[in-house]
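In structure tokens, the next block holds one chain alone, the form predicted alone.
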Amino acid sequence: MRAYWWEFTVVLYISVLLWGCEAEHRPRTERISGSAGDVLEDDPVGRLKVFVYELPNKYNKKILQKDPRCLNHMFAAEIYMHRFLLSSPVRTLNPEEADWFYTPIYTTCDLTPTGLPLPFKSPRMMRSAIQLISTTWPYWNRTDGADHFFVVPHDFGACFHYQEEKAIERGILPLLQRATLVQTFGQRNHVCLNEGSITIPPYAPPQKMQAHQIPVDTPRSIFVYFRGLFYDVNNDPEGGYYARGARAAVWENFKNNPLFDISTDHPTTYYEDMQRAIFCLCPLGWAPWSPRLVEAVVFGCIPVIIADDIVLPFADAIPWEEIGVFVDEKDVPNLDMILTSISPSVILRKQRLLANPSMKRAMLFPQPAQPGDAFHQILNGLARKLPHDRSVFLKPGQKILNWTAGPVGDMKPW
């Protein structure tokens, strides 16, 4: 515990007191201003057409039948995006009029008994599907996939490995180099992030979160909240590599600080607790992001983003700098000073922005879909890439992608 922690408690009390005093006089929500607000409320219908390839069930439905747990894990966006597109008004059954082509492959639905997805088969599976569409339809070959998009929501996207070092070594599957990748992973200047990728939020269960909503006027009596791992002793036995040491630094510096409600326990009141907190820590883990980012926004808890060079979901639509707090990984030991120095007026404005329903919708994949939700934000991102530059179309006989590039193991039939 730091000396003079009682001073921070006083700051907390004043912040909460001011929040309560202004509650009756402040607006409960605030519209996102400027271009971000306009983008957030865009309607993609009428701005693009998508052709959905019909693949054999072994690439999607049979995989899900084998393990229905895939419907609820953080990578489930690939499944729900497929279902959404099948009934979306942007879908076209005429590929000649399509702006984009979508290949429904469930690459993250190979789960261990504990529910962790293993991406080792994903490159062979993806290569097999691309081989199929390129020999059955003519559209892939016109552009080497430049007018195709794929949902690859695993930790390191189309690098298809759960360990960053191995993912970097693999790189993005060569056959996907020209495609647009819709992925949860986003980190600037990283080999697993293609220029032009669309970064999306991880899947968090909308119905489950809705069931745990508490009254909006409930006081936020927790200053800083976090539940999760600080060390991954199974995969990082020596410590220090997991989360680049950021989570360990949170625990070592603030485990006894009364302003920090942090623990490895995951209580049944987890969602309710987030709604009672002012700040929710969103540190990197093995990848820069986690579902906490979605949960914080949905529950109006100011996200404290600790992940250097992160590329955040729908960054052209959601004003992350205005709703969140960014802390460099090296500055974690100063978290208490950083957060207690934020004025009550700034906290209140962030809370008003977070209360905007359009912000919450953009982070979720609801069933059924709703205007402005994450499905529509993905379509908006694709629409903003149109029209395709003529340079993406190949000349007769021209090839850019090398089918034999990549590890030898990727060449095995799937």
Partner chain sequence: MKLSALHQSYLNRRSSNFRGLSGDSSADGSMKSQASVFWLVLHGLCCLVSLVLGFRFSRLVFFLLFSPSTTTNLYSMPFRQAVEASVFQLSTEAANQVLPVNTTTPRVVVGRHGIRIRPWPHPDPVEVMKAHRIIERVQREQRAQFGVKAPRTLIAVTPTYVRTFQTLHMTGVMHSLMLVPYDLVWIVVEAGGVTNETTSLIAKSGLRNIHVGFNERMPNSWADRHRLEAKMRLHALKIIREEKLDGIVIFVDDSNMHSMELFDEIQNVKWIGALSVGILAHSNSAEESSFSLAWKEADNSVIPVQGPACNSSNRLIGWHTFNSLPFLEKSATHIDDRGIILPRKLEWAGFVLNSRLLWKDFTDKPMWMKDLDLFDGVDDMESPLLLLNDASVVEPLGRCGLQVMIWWLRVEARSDSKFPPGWVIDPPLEITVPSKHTQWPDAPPELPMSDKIVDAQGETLAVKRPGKTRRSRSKHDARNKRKHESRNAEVDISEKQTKQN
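Positions refer to the first chain, counted from 1. All figures in this text were calculated on a predicted structure; none of them were measured in a lab.
Separately, the form predicted together with the partner chain exists; it is not shown, and the next lines address it.
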Seminar exercise, completed: Testing 197 to 205, 84 to 92, 134 to 142, 242 to 250 against the partner chain in the predicted bound form with a 4.5 Å heavy atom criterion leaves exactly one stretch, namely 242 to 250
For this session: Could you tell me which one of N72, T264, T218, Q210 places a heavy atom within 4.5 Å of the partner chain in the predicted bound form?
Result: T218
Exercise. If you check A317, L339, I130, I323 against the partner chain in the predicted bound form, which one has a heavy atom within 4.5 Å?
Worked result: L339
For this session: Using the partner position in the predicted bound form, report whether Q351 sits within 4.5 Å of the partner chain, counting heavy atoms only.
Result: yes
Exercise. Would Q187 count as a contact of the partner chain in the predicted bound form, using a 4.5 angstroms cut-off between non-hydrogen atoms?
Worked result: yes
Exercise. Quick one: does F254 come within 4.5 Å of the partner chain in the predicted bound form, counting heavy atoms only?
Worked result: yes
For this session: State yes or no: in the predicted bound form, is some non-hydrogen atom of P313 no more than 4.5 angstroms from a non-hydrogen atom of the partner chain?
Result: no
Problem set entry | Within 4.5 Å of the partner chain in the predicted bound form, all of D43, L64 and Y106 (non-hydrogen atom) | no
Exercise. Going by the partner chain in the predicted bound form, which residues of 310 to 340 come within 4.5 Å of it through any heavy atom?
Worked result: D328, E329, K330, P333, N334, D336, M337, L339, T340
